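We begin with a single chain expressed as structure tokens, specifically the form predicted alone.
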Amino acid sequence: MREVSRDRIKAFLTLLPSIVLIGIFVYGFIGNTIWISLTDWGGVAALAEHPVKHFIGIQNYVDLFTGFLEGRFRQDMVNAVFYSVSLLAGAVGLGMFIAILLDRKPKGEDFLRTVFLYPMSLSFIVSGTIWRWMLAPQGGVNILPTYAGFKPLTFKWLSAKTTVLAFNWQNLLQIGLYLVAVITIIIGFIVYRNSRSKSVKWLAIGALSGLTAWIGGDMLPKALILEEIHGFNLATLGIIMATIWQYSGYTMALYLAGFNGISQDLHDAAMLDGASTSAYYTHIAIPMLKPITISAVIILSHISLKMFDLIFSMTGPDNAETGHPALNMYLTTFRANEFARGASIAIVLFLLAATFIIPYLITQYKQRRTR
């Protein structure tokens, strides 16, 4: 017992400096940012030696989501959602597809694996600069058809003004209820095999959310007084392509390592039972790699919230069509000197990242406790 207690004391003393540093420089600064976001620090006197700050509560957050002058932030939030969804679908799907092809052991596997993984080694600034040249309106991708005798393309990859999937921000609560309904219904069907009672609960929540949005749409409170249309701007396609190109190799490496970790005997047994190659990956290999898929989704979701350098290098900070909350935070804080408003944007991004990471950490902790 004494040896165990001594080991615990030694371990605690060893970790103490790291705990103190993390507590000050991570959580301490997060707490300070939260406090700043609850003040009115900004304006002409923001850079004074002893600036005056007044506590105003959550007014900065209310202004971000309902204020008349914060329409760009709301469009940036919509862009961030499309960036995240596109990155997850593209990088995970393409990375898994490439991993399956390489798992078939083609000739030149080592060379191909290096080629696909190489973009991951580049910084966002480097890859953003390369893609900006490639997607230039008068060159790059647009002139490729001329080599086959066709007319050049005229699509403005990084400056298009066309918006699709448009919706009225005024009806945000109603749209959110519809999204909750769709997500919970999908979860209900997924968990049906394992637990019918849980499936019924999820389906009931989805049905209730959908009915509330449908029947009570006109009675739900409006986010804004006037209509404010947002949507998916086609100028973001170039940035989405660059991000998927850079991170599909990363997910490929994750899945390829997972496929290599599956016993060859399991593969051979599936083939002997008459399973086709597609059936083996669909019903055996890919379901076994569920932890890898979850990890990839968590990491890529986190990365999608930190696309400042890629967007900055491709389109600059002043292109509203390809905006991102991280860019908005930079402009608000260091150009407009609205430090409290910039801190509130930072906290919104922090909370978005936490919605992905905290549930994952909780499930991992529960799994370790049950072992």
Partner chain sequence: MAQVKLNNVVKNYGNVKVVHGADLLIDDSEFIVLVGPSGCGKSTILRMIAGLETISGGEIVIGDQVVNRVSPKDRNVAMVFQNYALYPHMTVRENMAFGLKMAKEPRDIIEKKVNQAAATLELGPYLDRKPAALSGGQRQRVAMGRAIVRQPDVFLFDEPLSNLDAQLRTQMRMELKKLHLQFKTTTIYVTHDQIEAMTLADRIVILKDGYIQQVGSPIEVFERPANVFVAQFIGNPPMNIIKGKCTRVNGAMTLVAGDLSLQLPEDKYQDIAEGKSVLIGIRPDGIKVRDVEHRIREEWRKEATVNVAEILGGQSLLELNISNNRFIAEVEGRMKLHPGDKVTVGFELDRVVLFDPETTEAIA
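These figures come from a predicted structure and were not determined experimentally. Positions refer to the first chain, counted from 1.
If you look for the form predicted together with the partner chain, you will not find it shown, but the lines that follow are about it.
Of I284, A160, I185, M241, which one comes within 4.5 Å of the partner chain in the predicted bound form, counting heavy atoms only?
-> In short, I284.
Heavy atom within 4.5 Å of the partner chain in the predicted bound form: which of L226, M271, I125, I215 fits that? Just give me the one.
-> Contact with the partner chain in the predicted bound form is made by M271 alone.
Can you say which of 232 to 240, 74 to 82, 147 to 155, 263 to 271 gets within 4.5 Å of the partner chain in the predicted bound form, counting heavy atoms only?
-> Comparing against the partner chain in the predicted bound form, the contact stretch is 263 to 271.
Hey, in the predicted bound form, does R193 get a heavy atom within 4.5 angstroms of the partner chain?
-> Yes, R193 lies within 4.5 Å of the partner chain in the predicted bound form.
Heavy atoms within 4.5 Å of the partner chain in the predicted bound form: does A275 have any?
-> Yes, contact at 4.5 Å.
Answer for L112 alone: is it within 4.5 Å of the partner chain in the predicted bound form, judged on heavy atom distances?
-> Contact check for L112: no, nothing within 4.5 Å of the partner chain in the predicted bound form.
Using 4.5 Å between non-hydrogen atoms, is A253 touching the partner chain in the predicted bound form?
-> Although the partner chain is absent here, A253 would stay clear of it in the predicted bound form, with no heavy atoms inside 4.5 Å.
Going by heavy atoms, what in 52 to 89 lies within 4.5 angstroms of the partner chain in the predicted bound form?
-> Residues within 4.5 Å: none in this stretch.
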